[in-house]
Structure formats: C-alpha cells, structure tokens
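Taking the form predicted alone, here's one chain by itself in structure tokens.
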Amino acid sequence: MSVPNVVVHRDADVLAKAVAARIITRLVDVQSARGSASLVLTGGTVGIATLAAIAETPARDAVDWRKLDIWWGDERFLPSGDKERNETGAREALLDHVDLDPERVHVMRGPDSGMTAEESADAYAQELRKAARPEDHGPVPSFDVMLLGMGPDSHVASLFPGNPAVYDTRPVVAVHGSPKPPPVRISMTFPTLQASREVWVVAAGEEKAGAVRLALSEDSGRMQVPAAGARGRQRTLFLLDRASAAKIPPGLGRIASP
C-alpha cells in the first residue's frame, strides 16, 4: 500500500474545484494510455460539490465519457431516485449532464429492485468480478481513482468504526446498524478499496480535523479508524481544506492554495 500524501486547500469551495481538476486530468491521462478509465464515486457535501464543479468546467469535454466506468464505494439502501441516495446526488450534479454509456454506470440496487441488502451486495460483487481483468489479479477491478469522503468518526464508504463490515473480506457487503441514517447500506470493503490504483480521501470542515489526524497516524488501526485503511496500491491522497487539516502535524500537509 502507498504512503499518503496530503494536499491542503484554502476552503471547501476551492477544494471541490481542485479535486474536480485533478479528476479530469487523471481520467484524460488514463484514457490516453489505455483507452478507458474507471472512477469510484462518493456522496457527501464535498463529494457532490466536486462532481458539480466537473459539470461546470469546459475542461470536462476533454474526458471521453463514453469510455468511463462509474462505480460507487457505497450506497444507502433506499429506492431508486430517493434524494438521499448517493446515485441521485451524482446524477443531478454530473452524470445526467455528460454523455455516459448507461451500460458502464454501475449502480448499487435498492429495495425497489426486489432484492434484500445482502442480495444487492452480492449482485454488485458479481458485477465487479465480471469487470475484473487478468492483470487486476483479484475479484475486483483496479480502479483508476477511488474517491472517498470521511466522517467525523473517521468512517469511509459505509465502513464505520467497530462495525462488522470493517472485518469482512468479501468484496461488497450489506451494512446494518449504521450510526448515521439510514441504518442499512451497501458498501465496498477494505480489500476492494485497497485494490484501487489511487485512493483520494476528500474532507472539509473543522469537525473532521480529529479524524484526519488519526487517519494519518501510523499508530491507528483501520478497525477503529477506518480512514486509516483508505490506501491505494500506487498512490494515496488526502485532499483537505484548512479546517480539516488543522490538527495534522506541522510539515505533513502541502499547502496548495493561499
């Protein structure tokens, strides 16, 4: 696993725009090299603001959206179209405004599909398995970018401190008893997150500062500090605003904007 690099931006608005620019650059580079790319989305305020920033910039046209696979790191187990679903926010912010191949938008199914949460998780794991290539050396693709938000409790995706999901090694699991509503969710697990080539943890706000410090500490375990397990194979970035970076050791963060 890679060692995290930290980049600190002035505020949440600048952070979202900077992450948007990074995503576009990364996708263009990958598509130039391999023809297609993969991106795993997250929800949350900054995650959705980042997608909206992509939609608003003319640079988005540099991406070949038809040759992009879209995945989600987690989803709230709610019916399609529910405003609390990560998918709904992503579609409104970006996905409905670009020319995606519908077959390459991989949605975690909700209860309106007739599936239980466990069946939805299993179905997503099967979809990941079908997309994996021999060079991925495992049951899931090596995603080009895995975007992750982080909660004040240090949760990433829907992997909450001490929840049974943090111990699970299946690619995707149903999460019950989430301390943050709704209580039932679908989430990728650590082995799937860590199969990504690059993992970018995006966080803003002073309420995240303690969790950021713990996530970057070599002494933290991922079972109690899930963000400490958010690491990519080739690169890990913690993309922060000043407020969320307030408690990290001096010198660790690279200031990116005045």
Ligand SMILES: O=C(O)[C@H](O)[C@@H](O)[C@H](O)[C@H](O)COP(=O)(O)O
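Source: prediction; values computed, not measured. For every residue, the number given is its place in the sequence shown, counted from 1.
Here the subject shifts to the form predicted in complex with the named molecule, a form of this protein not shown in this document.
Site check by superimposition: the named molecule, modelled from its position in the model of the complex, clears the backbone and C-beta atoms of this form, with no atom inside 2.4 Å, and the site reads as open.
Relative to the named molecule in the model of the complex, residues A37, I70 and E127 are all farther than 4.5 Å at every heavy atom.
Note that among 89 to 97, 180 to 188, 130 to 138, 167 to 175, the stretch whose heavy atoms approach the named molecule to within 4.5 Å in the model of the complex is 180 to 188. With a 4.5 Å cutoff on heavy atoms, M150 counts as touching the named molecule in the model of the complex. Remark: D74 counts among the residues lining the named molecule in the model of the complex, judged by a heavy atom distance of 4.5 Å or less. Looking at T57, you'd find every heavy atom of it more than 4.5 angstroms from the named molecule in the model of the complex. Shown alone here, T42 lies within 4.5 Å of the named molecule in the model of the complex, counting heavy atoms only. Residues are counted as partner-facing when one of their heavy atoms sits within 4.5 Å of the named molecule in the model of the complex; in 151 to 175 these are G151, H155, V156, A157, in sequence order.
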